[in-house]
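The data below hold one chain only, encoded as structure tokens and taken in the form predicted alone.
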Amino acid sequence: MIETDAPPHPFDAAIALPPAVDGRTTTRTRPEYANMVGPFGGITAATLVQAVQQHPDRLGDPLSLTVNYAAPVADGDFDITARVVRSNRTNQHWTLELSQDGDVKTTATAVFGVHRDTWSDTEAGMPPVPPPDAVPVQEFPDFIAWARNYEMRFVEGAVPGQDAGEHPDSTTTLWVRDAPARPLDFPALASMCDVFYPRVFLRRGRYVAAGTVSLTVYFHADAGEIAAHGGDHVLGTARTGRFSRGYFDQTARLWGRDGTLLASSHQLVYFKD
């Protein structure tokens, strides 16, 4: 007898949300996506995208998302409140809050919109890299649970080993996809924008205390381009402009194998060294 009720993909289970009541829905953290402190920031971003996508008032596809991680999310239940601030003819503005027992842990804003056929061009060029199969998979330490949900093949800037020594550049470039593979969608793309380990690890050659304070994602691909990508690898590259006084920035771009720029992101990251 063939089983037809297969369990959901871990990512789909992590972002699954019951219908909202008065704009609020309740879900819970998943141990599969745990980070060193609280859940992986990418899965939080993905869940917020999902909250708007399944809202009955949603217009179009995600264009941008900004997530401010105000405080660590504890293991257990949390609430997401999504509210439409304004709807225009082609774009729609949202505010979101993630809270636990009335205590706000994360705030976010999102812009959704309808894509129009216009003149277009991509000025940013995809870096020249070998194909995914030519790059070995690198495993993360066991205590970083969320990383086990991704297949990561580092072209440059791999996770440094213990006492690796300082590195002159903060750039990491890697092929990445969900593990097990699943078709790409907007929540998954948002999550992949946060798969880069803190740039200070690479520069300092060791682990230090660090955490994302704010993450902004710009979605360049439309629904058709996302669907055409399927479950293939995404090429991601990230680097820092400046480390200074306990904070650093991170700029990242994500590409399809065919050279389509799918998304770009910016982060502000706290570190203590």
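It should be emphasised that the depicted structure is a prediction, and the values quoted were computed from it without experimental measurement. Note that residue numbering begins at 1 and tracks the sequence as displayed.
Beyond the structure shown, there is the form predicted together with a further copy of the same chain, which is absent from this document and is the topic of what follows.
Residues with any non-hydrogen atom within 4.5 angstroms of a further copy of the same chain in the predicted complex fall in just one of 133 to 141, 163 to 171, 189 to 197, 149 to 157: 163 to 171. With a 4.5 Å cutoff on heavy atoms, T260 counts as touching a further copy of the same chain in the predicted complex. a further copy of the same chain in the predicted complex is not approached by T27, whose heavy atoms all lie more than 4.5 angstroms from it.
In the predicted complex, at least one heavy atom of K105 sits within 4.5 Å of a heavy atom of a further copy of the same chain. Although the partner is absent here, E225 sits close enough that one of its heavy atoms falls within 4.5 Å of a further copy of the same chain in the predicted complex. Contacts between 219 to 248 and a further copy of the same chain, taken as any heavy atom within 4.5 Å in the predicted complex, involve H220, A221, D222, E225, R239, T240, G241, R242, F243, S244, R245, G246, Y247.
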